[in-house]
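As structure tokens, one chain now follows by itself in the form predicted alone.
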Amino acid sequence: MIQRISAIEEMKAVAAGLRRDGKSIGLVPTMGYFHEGHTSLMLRSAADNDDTIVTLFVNPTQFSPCEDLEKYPRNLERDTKLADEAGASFLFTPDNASMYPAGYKTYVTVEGWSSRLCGISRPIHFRGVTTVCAKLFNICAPDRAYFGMKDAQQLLIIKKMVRDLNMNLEIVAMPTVRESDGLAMSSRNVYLNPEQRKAATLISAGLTEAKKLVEAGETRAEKALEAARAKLAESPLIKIDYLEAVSEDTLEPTQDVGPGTLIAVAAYLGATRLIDNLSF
């Protein structure tokens, strides 16, 4: 039976006890409202490790004032049940006051990488992500932490932080989990009305068109992006935030598509912003 812990010091003590007992610890950091993408991370962690800690914290420092912090979907009881069924040992649910007490002033930033792609329209987002992940890594002391490839920029930034700060854990990347029609699973999909939900499938379809072109021998990033953009243009409901081909080593734009290239897209359907990507 999963154990729910909310106090930081209790979670630290539990993690220290596991390590003293020689147990391996897997960590799955989340903001909750679980779907199959989340549970795929938990299942993998439970298979890899003696104990899995799932963290559920809607992190305020990665939301701008105009974003959806207050309306972000939440269902703690359902999430607890799903984490339990996926084999997690602990669900860590700290509150804002304990994670960011009065007078909090310390942040972790991966320079340059955090201001690309999603960082342009969400300038404080990745500073919040890296800060909260660094805190969770310190609190939970995992051997491995699990992240989905849907959030590719987040994944690459966290890997960079772990390397640069000599953190003693492995970051495990897991494939994007998709709905039957190709839409990448996201907690924000619940915001879409039926027309927007139907149009949203063009995001993954556009990436598929780019992939087909590259697999047929195209190496020019511009041509691959044109193919994706044409598919997205089939619906007037889609407003592209960005669609770029970048190097996974630097997150800088690249003119050629090949191994180590990431094609990443963010698009709005109404007020809902969705992301997806394709890695070569």
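Computed from a prediction, not measured in an experiment: that's the story for all the values here. Numbering starts at 1 and follows the sequence shown.
What comes next is about the form predicted together with adenosine monophosphate, which is not displayed.
Trainee: Counting only non-hydrogen atoms, choose the one of 151-159, 110-118, 202-210, 81-89 that falls within 4.5 Å of adenosine monophosphate in the predicted bound form.
Mentor: Selected stretch: 151-159.
Trainee: Just to confirm, Tyr100 within 4.5 Å of adenosine monophosphate in the predicted bound form by heavy atoms?
Mentor: Because no heavy atom of Tyr100 falls inside 4.5 Å of adenosine monophosphate in the predicted bound form, the answer is no.
Trainee: Should Val177 be classed as touching adenosine monophosphate in the predicted bound form when contacts are defined as heavy atoms within 4.5 Å?
Mentor: Yes, Val177 is a contact residue.
Trainee: Taking heavy atoms only, is Tyr146 within 4.5 angstroms of adenosine monophosphate in the predicted bound form?
Mentor: It does: once adenosine monophosphate is placed as it appears in the predicted bound form, Tyr146 has a heavy atom within 4.5 Å of it.
Trainee: Examine Met31 and determine whether its closest non-hydrogen atom to adenosine monophosphate in the predicted bound form is within 4.5 angstroms.
Mentor: Judged by the heavy-atom cut-off of 4.5 Å, Met31 is in contact with adenosine monophosphate in the predicted bound form.
Trainee: Looking at Met167, Ile124, Leu76, Met185 here, can you tell me which has any non-hydrogen atom within 4.5 angstroms of adenosine monophosphate in the predicted bound form?
Mentor: The residue in contact is Met185.
Trainee: Taking 4.5 Å between heavy atoms as the contact cutoff, choose which of Arg220, His35, Arg229, Lys239 touches adenosine monophosphate in the predicted bound form.
Mentor: In short, His35.
Trainee: If you look in the predicted bound form, which residues in 59-73 sit within 4.5 Å of adenosine monophosphate (heavy atoms)?
Mentor: Read in sequence order, the lone residue that approaches adenosine monophosphate (within 4.5 Å, in the predicted bound form) is Tyr72.
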